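In the form predicted on its own, a lone chain appears below as structure tokens.
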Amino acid sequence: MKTKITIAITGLNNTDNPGPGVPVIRGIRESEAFDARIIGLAYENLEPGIYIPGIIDKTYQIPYPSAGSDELMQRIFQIHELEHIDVLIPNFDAELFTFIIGKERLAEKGIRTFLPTLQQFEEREKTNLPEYGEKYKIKVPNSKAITSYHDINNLRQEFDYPLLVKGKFYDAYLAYNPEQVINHFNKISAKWGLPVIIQEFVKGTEVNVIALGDGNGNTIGAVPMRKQYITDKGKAWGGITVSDQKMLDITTKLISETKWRGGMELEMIKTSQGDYYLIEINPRIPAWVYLAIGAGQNMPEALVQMALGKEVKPFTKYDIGKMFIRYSWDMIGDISQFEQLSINGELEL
């Protein structure tokens, strides 16, 4: 018999820069263990996941983390009074800090999470990647955080063009000259703030690993993927699971040494010489998680189990050659749905 449970989930922006919320929900919906009531937590009232039939039972609007951690937490507690949330799964980098430092407050209310520690979260930030690579003996591209135009003028002393210009949370653009760096710097800093990260461009094939750590150094699941189609935002619009033991070894070693807790994504470049460069660690489940589910590792289900304190056996295999392709789909709704969420801050489909 399935356990009845209420799970609150963010990351419902299923657009050309998709959040992980919808595929995480799909994995939970397919669970053999849970009969879940899904509460959607939306920052914007046009996030597509809100309106997809069969995905969310009820949606509540929440304030952006930039409005203040306390304001966001108070809104979560208001929703909890109405819905009695058992597990909360945040899916955005920008909100994780609030929920990590607030996990004890959440636990006191009976809301369980399964998140990295603050140290794990901070040491893998893009600004700290060179030190991270040195500490854990992983190759990483040369990186530097910049905060002004003056820094851009000095880049030629340390970097060759082209180079990557990255936001501290999201977005990455390739620049071939200082003028393009300035354009990308302006765009990224206006959206995500400072610093902006400059990273050496490493030529090769982009490969990713989704993984789940239990917080004790054990890898519960890991599935490597090669991107088949990439959007102009650098997001995978198609990918295929691959057999790559070296990538898995890098992942399990990192989880063992850091005792990583929760979901993660390693973004790597594999060169023609067979070297692997770690270019980014996303400290949560990535948006392509449904490929891992389709390949035999339902990591959202496992994460919920661990959040509830249950023992979870590690996945031992995955299907190689499983492929995912994203597509656009026009949904027809009613303005009354939009009005309910905009005016009342909640919507039940």
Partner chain sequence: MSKLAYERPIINKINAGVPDKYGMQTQVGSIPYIDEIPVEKLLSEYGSPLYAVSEKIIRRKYREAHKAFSSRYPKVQFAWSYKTNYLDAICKVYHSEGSWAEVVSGFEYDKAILNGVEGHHIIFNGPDKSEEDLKKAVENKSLIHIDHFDELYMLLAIADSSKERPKVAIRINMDTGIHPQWDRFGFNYENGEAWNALNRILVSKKLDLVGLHTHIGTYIMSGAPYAVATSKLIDLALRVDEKFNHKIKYLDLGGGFASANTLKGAYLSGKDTCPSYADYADAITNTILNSELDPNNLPTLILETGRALVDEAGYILGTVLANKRLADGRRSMIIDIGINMLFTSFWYDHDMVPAKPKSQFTEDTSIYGPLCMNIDVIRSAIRFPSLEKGENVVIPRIGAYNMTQWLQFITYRPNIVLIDQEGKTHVIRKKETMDTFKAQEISPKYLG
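Here, rigid core means the biggest group of C-alpha atoms that superpose within 1.5 Å across both forms. Residue numbers count along the first chain shown, from 1. The shown structure was predicted, so the numbers you read here are calculated from the model rather than taken from an experiment.
There is another form of the same protein, the form predicted together with its partner chain; it is not shown, and what comes next is about it.
> Just one of 55, 36, 39, 62 has a heavy atom within 4.5 angstroms of its partner chain in the model of the complex, so which one?
The residue in contact is 62.
> Ok, 195, 141, 238, 221: which has a heavy atom sitting within 4.5 Å of its partner chain in the model of the complex?
Contact check passes for 195.
> Is there any non-hydrogen atom of residue 282 lying within 4.5 Å of its partner chain in the model of the complex?
No, residue 282 stays farther than 4.5 Å from its partner chain in the model of the complex.
> Although its partner chain is absent from this view, report whether residue 98 comes within 4.5 Å of it in the model of the complex, heavy atoms only.
Residue-level check for residue 98: yes, a contact with its partner chain.
> Is the gap between residue 94 and its partner chain in the model of the complex 4.5 Å or less for some heavy atom pair?
Answer yes; at least one heavy atom of residue 94 falls within 4.5 Å of its partner chain in the model of the complex.
> Please determine whether residue 46 contacts its partner chain in the model of the complex, using a 4.5 Å cut-off between heavy atoms.
Taking the distances in the model of the complex, the answer for residue 46 is yes, it comes within 4.5 Å of its partner chain.
> Which one of these stretches, 297 to 305, 282 to 290, 66 to 74, 316 to 324, sits within 4.5 Å of its partner chain in the model of the complex when only heavy atoms are counted?
Result of the contact check: 66 to 74.
> Does the C-alpha of residue 148 move 2 Å or more between the shown form and the other one once the rigid core is lined up?
Yes, residue 148 moves 2 Å or more.
> Is residue 185 among the residues whose Cα moves by 2 Å or more between the shown form and the other one after superposition of the rigid core?
Yes, its C-alpha moves 2 Å or more.
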